[in-house]
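First, one chain by itself in structure tokens, the form predicted on its own.
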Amino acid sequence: MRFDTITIGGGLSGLVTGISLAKKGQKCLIVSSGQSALHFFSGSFELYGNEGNPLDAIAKLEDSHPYSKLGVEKIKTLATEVKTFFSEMNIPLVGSVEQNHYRVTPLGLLKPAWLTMEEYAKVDDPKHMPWKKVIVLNIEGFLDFHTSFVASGLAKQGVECSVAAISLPELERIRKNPTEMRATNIAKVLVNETLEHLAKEINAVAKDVEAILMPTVVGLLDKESVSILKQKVQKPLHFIATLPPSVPGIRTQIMLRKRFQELGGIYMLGDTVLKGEIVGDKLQSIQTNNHGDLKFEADHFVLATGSFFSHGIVASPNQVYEPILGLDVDFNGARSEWYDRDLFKPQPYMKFGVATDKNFRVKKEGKTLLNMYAVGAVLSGFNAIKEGCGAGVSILTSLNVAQEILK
């Protein structure tokens, strides 16, 4: 089978790339081995996790950083497209590329963010909190959200907080087993007429407050349930992220995949790329676990397999390698240089990843493959956790590579 572009990896990077290309009429295939990091999504995308203008910090990064390969002006241009890109899938985002805001974490802390889903709790300026008095609600029996943590964190910012737990008869079946009381399972119940019951319970306990904060346990498959609940609740309602699995993350994954397939893309879920055929300086085809000897050919290929977490790169006792094609990987030679014994310092291994040229084309044995690109977490040169830039790198490198392919 032949395609214009084949993307290996079906998470955020792979889907952004595939959708961008399919919108322009390309015949695209995405091969996805399974669950992606979107299942851990907090409801916010980070560009660079500093206070103020993230572009100021980006301009000072090392040349090896993916952002430096893009350049500040290119980042600004690409970033302006992101809200429109996601709004087409009914995922409205708020925020600015030139000024970070702050999302409210499950611990009640304020963390810099670039774009946040509009139903989430966010703060533009910590010195001027948007609320003076709030109530923090939880679903009775839901253990992945702690109202006391949120209330304590916000109290340090001068916000008066009360807490309460809501019980609904519709949740009794899953409440009997604590392992079933997860955000995704609760969200499957909180639909249709149950939202009416939930809104009545919320209104009953949230009278003398300016706003209501609660965990994201609504809107697993689409945004409609969120909109209905917000309309029925009498006070402004804002959501806060929970421990994984992530309701907004799964919803985002579903909406992105749906959009890709509506555009004619083929999404092969639960399959793994085993090997590829390289001829000269180009990748000609790949073969997957579920399709035996069948070769999938394309003009272009995109590697979006993620980092260690999703086995996009793998560490053995003496080396770090890319497992599908044996692509070149940037990593420190001696194992003792892979980590720092101080747990709270930046860990060198977090910057390990596939080596690319300035256009994100991959390399094998020092030679650039002219028709294969890498995007997102599989790239080398950045520490997504310490820098707070994982989502930004994933989205912007994917948009950039799609433009390179379309040229």
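The first residue of the shown sequence is 1; numbering continues from there. Predicted model, so just to flag it, every value in this text is computed and none were measured.
The form predicted in complex with a small molecule is left out here; the points below concern that form.
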*Would you mind picking the one in D271, E119, D144, E201 that has a heavy atom within 4.5 Å of the small molecule in the predicted bound form?*
D271
_Only one of these stretches, 326-334, 300-308, 71-79, 226-234, has heavy atoms within 4.5 Å of the small molecule in the predicted bound form; which one is it?_
300-308
_the small molecule contact in the predicted bound form: Q35, any heavy atom under 4.5 Å_ = yes
*Distance check, I6 to the small molecule in the predicted bound form, heavy atom within 4.5 Å*: no
*Is I58 a contact residue for the small molecule in the predicted bound form, using a 4.5 Å heavy atom cut-off?*
no
*Wondering, does L396 line up within 4.5 Å of the small molecule in the predicted bound form on heavy atoms?*
no
